[in-house]
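There is one chain below, alone, in C-alpha cells, taken in the form predicted alone.
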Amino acid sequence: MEVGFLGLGIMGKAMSMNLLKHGFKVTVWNRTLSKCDELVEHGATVGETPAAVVKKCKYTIAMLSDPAAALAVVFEKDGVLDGICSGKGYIDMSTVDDETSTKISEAITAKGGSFLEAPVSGSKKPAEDGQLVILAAGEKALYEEAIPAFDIMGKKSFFLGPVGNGAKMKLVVNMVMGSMMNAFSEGLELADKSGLDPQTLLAVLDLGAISNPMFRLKGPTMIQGNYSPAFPLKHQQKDMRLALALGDENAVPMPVAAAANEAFKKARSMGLGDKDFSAVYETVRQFKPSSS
C-alpha cells in the first residue's frame, strides 16, 4: 500500500520510518528537503509538493507542528487542496484546535475528498516504538482504511465520532500532562531544597498511587538538567493555550492549567522553547536564594 506523509519533524520522521520498515510504500514531503534524506535511504520516495504527494497516494498523512503549519500545507499554492479529489483521503495527525480541524475538513470534503483528524498521545520514543495512542474523528470509512497504518504507528486507536472530537481529546490529555509536569517540577525542587535526595523521591513516587511512565522517564533526565527534546516545550505551551481556549468556550474554570501555562510561557521567555517540555523545571530551579 502506498501512503503519503507530510511533515518529518521528531514525530513524523519516526512514524513514517515505522511504516517503511513494515512494508508500506511511503512518499514523503517536508518543507526542509534535507529531512527526507534518511527516509529515502530506507526506501521512501520524495514528492516535490504536498499536492504531488496527495495526487500519487490513496491517502496522505500529515504530522505538522501547529495550527498555522497545518493550515498552510492544505491551503497554500501546491498544497493538499490542489491534489485532493474524490477517492482521496487526508489524515491530519497534528495537534490543533477543533476549529482548525473543522476548517480543513470542510475544505477537503468540499472537493470530494475524505478527512480524518487523528492526533496522537505520545512523544519521540513511543513514536519510534510504534506505541502511540491515536485519537481519530471524522470519516469512519477512512478510519477503517487507515487501521493497518495506525496499527503500526500506535498501540491503540480510538474512533471518537465527528471531526473536532479528536482535537479536543488531545488537548485535554496534553493539558493534564502539562499541569502534572509543573507539579512534578515543584516536587523535585522542594525535595532538593529541603535536603532530600530527588532520586529517592522518584523511587517513592514510583511505588505509590501516582506512579506513571512520565515521571519514570523524565525524572532522571530532569535531575541531570538534560532536556533533549522528545516533545518541544513551545508545542506543549501551544497545547496549554489551545486547551485554555477550549475551557473558555465551555465555561470550565481551569486555574491549575492556567498557572501551568504561565510557567511554560516563562520557560519560553528563558529561551527553552526548543528544549523538551520537562525543561519547565528550570522555571523553579532558577530561583536561587541570594547569598547575602
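Worth saying up front: this structure is predicted, and the values here are computed from it rather than measured. When you see a residue number, it is the position in the sequence shown, counting from 1.
What follows is about the form predicted in complex with a small molecule, which we do not show.
Interface residue remark: P232 is counted as part of the site for the small molecule in the model of the complex, having a heavy atom within 4.5 Å. Using a 4.5 angstroms limit between non-hydrogen atoms, G122 touches the small molecule in the model of the complex. In the model of the complex, none of the heavy atoms of K266 sits within 4.5 Å of a heavy atom of the small molecule. The shortest heavy atom separation between A257 and the small molecule in the model of the complex exceeds 4.5 Å. The partner is absent here, but in the model of the complex a heavy atom of A69, alone among A52, L244, I223, A69, sits within 4.5 Å of the small molecule. Stretch-level contact check against the small molecule in the model of the complex with heavy atoms at 4.5 Å: of 114 to 122, 180 to 188, 161 to 169, 101 to 109, the positive one is 114 to 122.
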